[in-house]
Ligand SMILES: NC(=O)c1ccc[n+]([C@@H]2O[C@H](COP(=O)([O-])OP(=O)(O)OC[C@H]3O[C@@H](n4cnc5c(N)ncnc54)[C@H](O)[C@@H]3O)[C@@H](O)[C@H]2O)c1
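In structure tokens, one chain follows: the form predicted on its own.
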């Protein structure tokens, strides 16, 4: 008897900026067909469509959802549009993977969480750094007890000159929700929280600074600058988070500052050992003497691996590792740091 043909999952991507990375992930999976792209920039959409042989292009995501029999939707639009697009797709019972952050604030994030809980589709937040080879291996070490109980962590993503799209939606609080804290700091924060076992946050204290962007200094090579556009976000943020279990985390994020180089880092301190990523090392004791371990790992693309993981969860009815509840906790922490920066006081997180 001939084998029954297995139908491919049909994927649609809304926003082809970072969405092109999602396309690259889907394209490597024989179980997925990229059925449609949606972007207001038709020329850019046509370029991505040609690269991945996508037949349908839309400029209206609602039309795409109504006309295309999609199974999975990638939400890769500016932060302020995450809730609009993700909720529409979830209400249509599509499986949704949404780029970070969850939204511009926790209020909007809760709306997505409610829609995700009510939908028949699965939801995952796009935190690609969890899926890197070193991150995955360190998680296994931690789960095996190599670090003991993690009680203190430091993390950050700092850039010397890296403001994206000066004057564009990236640098407008109304559309982005904030500056580097919500743009790249969210990656460092989420990865560290995941490695710590996602403890529940209790309070946060923070400060923000805008020393470069308002003067038009510190531009990077990501995003499309808009001449005369607004810059009303920070270019450096720092915060400290206390968790309900008593552990603490220190976070910093910057698009522009006088530092040696760009650096994304995560440092964990436990009762039996410590660890860092970039470079990946583990610090512990053997025979009453200090020992440093440099594990070897397979370096894989986090973007491709997260797409493969989400598709596997859909096909085998599994729960994605980056949940909407975890994403909402991240938003609560970011909100608290921003509020603390304004008030000068510690902010409780509920």
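Numbering follows the first chain given and starts at 1. The structure presented is a predicted model; accordingly, all values stated were derived computationally and were not measured.
Absent from the display: the form predicted in complex with the ligand. The rest refers to it.
Contact with the ligand in the model of the complex, defined as a heavy atom within 4.5 Å, holds for exactly one of 254, 171, 266, 128, namely 128.
A heavy atom within 4.5 Å of the ligand in the model of the complex is found for exactly one of 220, 78, 145, 216: 78.
Contact check at 4.5 Å (heavy atoms) against the ligand in the model of the complex: all three of 40, 82 and 187 pass. In the model of the complex, the ligand sits within 4.5 Å of a heavy atom belonging to residue 15. For the chain shown alone, residue 318 is not a contact residue for the ligand in the model of the complex, no non-hydrogen atom being within 4.5 angstroms. Within this chain, residue 56 is remote from the site of the ligand in the model of the complex, having no heavy atom within 4.5 Å. Mapping the unseen interface onto this chain, residue 178 falls outside it, with no heavy atom inside 4.5 Å of the ligand in the model of the complex. Of the candidate stretches 40 to 48, 281 to 289, 64 to 72, 308 to 316, only 40 to 48 has residues with heavy atoms within 4.5 Å of the ligand in the model of the complex. Although the ligand is not shown here, in the model of the complex the stretch 81 to 104 places heavy atoms of 81, 82, 99, 100, 101 within 4.5 Å of it, in sequence order.
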